[in-house]
Ligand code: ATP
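One chain follows as structure tokens, the form predicted alone.
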């Protein structure tokens, strides 16, 4: 493993009076043959943080933050690689709370290992000696791709509710699977996720939904979500979504229940629409329980998805975009929409079209694992290409006139936006040509109407 390390880290280890160890994901991934080019470097040692700080500064490391209560130091070397150092310690918890209630520093590497979560994450690499230290048998777990807790699973998950999300995320990112005791412990303690702040839940869920870029492969997001379902954590963090578990759908369209369909939609979706794929049918359980049918599920699902993302403290842009995609995902599903209406929709939602097409395709594929082109997407893309060949503008930027032209034509300032959109839709529908002269005359005619 030494050849994977920066010269700065090796120099730092040589400068320390006590052993300096790599531990956690970087060691696990190296031993499983999946170490990324830019891993998270977690380092640990029995030395105190003050001794580590002195050695780090002598070796040219930049210190970013120091947390004496937990013996933690964040720093980076001259290459820009970042490290988090922690002094060997043993933690005590109040049941379910993520932050330790008490910390005791130790020289015992096994005590430090037992404060971690899974044995596969508790293998140490002595940088100076160039050898692995395995207090809990984690190397065997790495070989068998097993997630086994460092202590009885009930205790491990009972100490820190965030470990419930970490279990699903690590399984998604690595392809490892929990053993029976680990799974049982997570199920028994699933309600403790309620004690974790929404921001941390969102961070872990985001990583699960984008885990296909990690060693676990393309099925990582589905595997992580399925594990959240199996442990009961999904019901705690997304009860609106979990209501779809076991909820039947029309057999001529759907092979799976509402929740399984949603998970498969994630499975078949592009990374930039994962939240929309997960939540696109969240309105179905709501509508079925209220109305006895799914008819308004896209409209109800739009506000439900936005409310859930807001609860998780997601970025505003993601909240707005996901809500709009959920609202639109059923648009023209039965192919009965007139071409004129489709043209308006294409223009109205042009900035989101690629994501909307991707969501419609993933939704279609998730119904029956059918990877043929989604009929609605085929229809809309054909009309879009037709519009482009006609030279029809799809955005205001492509319109042959602009706001300045509208003002010079004496359109009232507060009406300029409405008028330009009217011209845009006229051109999209073929009612007017996107030529400057033609549109200037249209502006003059509209101006006369405002004078009346």
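Values in this document were obtained by computation on a predicted structure and should not be read as measured data. Numbering follows the first chain given and starts at 1.
Another form, the form predicted together with the ligand, is not on view; read the next lines as being about it.
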116, 121 and 162 each touching the ligand in the predicted bound form (heavy atom, 4.5 Å): yes
Among 343, 166, 297, 148, just one has a heavy atom within 4.5 Å of the ligand in the predicted bound form, namely 166
Taking the ligand in the predicted bound form as the reference, which of 223, 274, 207, 264 has a non-hydrogen atom within 4.5 Å? 207
Given the stretches 38-46, 421-429, 388-396, 62-70, which is the single one in contact with the ligand in the predicted bound form, using a heavy atom cutoff of 4.5 Å? 38-46
Is it the case that residue 281, even though its partner is missing from this view, gets within 4.5 Å of the ligand in the predicted bound form, heavy atoms only? no
Residue 363 within 4.5 Å of the ligand in the predicted bound form, heavy atoms: no
Where, within 9-34, is there a heavy atom within 4.5 Å of the ligand in the predicted bound form? Residue list please. 24, 25, 28
